[in-house]
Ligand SMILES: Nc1ncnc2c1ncn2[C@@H]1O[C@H](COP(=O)(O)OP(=O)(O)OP(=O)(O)O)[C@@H](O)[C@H]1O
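Shown here is one chain on its own, the form predicted alone, set out as structure tokens.
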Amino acid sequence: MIKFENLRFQYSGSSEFALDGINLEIHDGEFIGVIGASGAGKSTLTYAINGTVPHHFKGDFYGAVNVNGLDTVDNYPEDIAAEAGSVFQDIDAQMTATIVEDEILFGLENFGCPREETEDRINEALSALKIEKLRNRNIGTLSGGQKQKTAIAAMIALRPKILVLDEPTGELDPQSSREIFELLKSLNKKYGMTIIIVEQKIMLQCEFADKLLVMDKGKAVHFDTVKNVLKHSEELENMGINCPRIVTLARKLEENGIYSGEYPADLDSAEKMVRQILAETGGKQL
């Protein structure tokens, strides 16, 4: 479990708090999507989980963050990494090796993976990301998307209890982005891995996450199931968060007295909504 207790953090030289009064609990096995406009504090929240705040990024730190029993102030990021693996937004800063295979092997060796499991884990990770052909490639020759997949492969090979990802699909096309989310969901279900993902592609967040954490100006303004958070779609749009069009459609239909059910979180539920309206009205109100 990850527990935030009145967490406040202000970067050195900044006049504002990047995180301001965060109180929440993330339970084992949850899939959490973190959304918010630029500068809302999303990345800083991930740094607070893996301990780079306050150990690497200096500033004023108040409150506490506890990750599976480890206080992030009393324990260094290297210790926390055994519980919570991270994929950073700056992929180049995360790479430690020059060859893809060695990048995956580095973590396995450092975290004491049994030697007899190493080869299987490397193969499994490469296969999961569909990058088997990159195994012997120099990382410097990879595209941004290939580097992101390599970083994710290196992390999932470790099978951490918690996986924290900051914009992992930023360099990927829509199909590859969906494949990443499908992979994360499978890890979530197969291993009970807790997933925390910062991602701008809100449609994917709505489809795959169990809960959404909405950040705004350093505060956690909503933390609830996807359907409950989507009820605040107008507020989210005022914060600069682009809600899925199907949610905006549902809200407009509701405002005009045509629909009164839950806001759809994916295309299947959107189709169900439209069919329900057509069945009830015969299409006359549309």
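For every residue, the number given is its place in the sequence shown, counted from 1. All values reported here derive from a predicted model rather than from experimental measurement.
Although it is not shown, the form predicted together with the named molecule is what the next lines describe.
Q: Please tell me whether any heavy atom belonging to A18 falls inside 4.5 Å of a heavy atom of the named molecule, as the geometry stands in the predicted complex.
A: Flag for A18 set to yes.
Q: Within 4.5 Å, heavy atoms only: does S176 come near the named molecule in the predicted complex?
A: No, S176 is distant from the partner.
Q: Quick check on S38: any heavy atom within 4.5 Å of the named molecule in the predicted complex?
A: Looking in the predicted complex, residue contacts with the named molecule include S38, since a heavy atom lies within 4.5 Å.
Q: Verify the contact flag for E83: yes if a non-hydrogen atom of it lies within 4.5 Å of a non-hydrogen atom of the named molecule in the predicted complex, no if not.
A: So E83 does not count as contacting the named molecule.
Q: Using heavy atoms only and a 4.5 Å cut-off, decide whether all three of Y11, T44 and F57 touch the named molecule in the predicted complex.
A: Yes: Y11, T44 and F57 each sit within 4.5 Å of the named molecule in the predicted complex.
Q: Have a look at 254-262, 219-227, 30-38, 63-71 and name the one stretch with heavy atoms inside 4.5 Å of the named molecule in the predicted complex.
A: Single hit among the candidates: 30-38.
Q: Only one of Q89, N75, N123, T98 has a non-hydrogen atom within 4.5 angstroms of the named molecule in the predicted complex; which is it?
A: It is Q89.
Q: Here the chain is shown alone; which of T118, Q94, S186, Q200 has a heavy atom within 4.5 Å of the named molecule in the predicted complex?
A: Comparing distances to the named molecule in the predicted complex, the residue within 4.5 Å is Q200.
Q: For the stretch 119-147, return the residues whose heavy atoms include at least one within 4.5 Å of the named molecule in the predicted complex, in the order they occur.
A: Not one residue comes within 4.5 Å of the partner.
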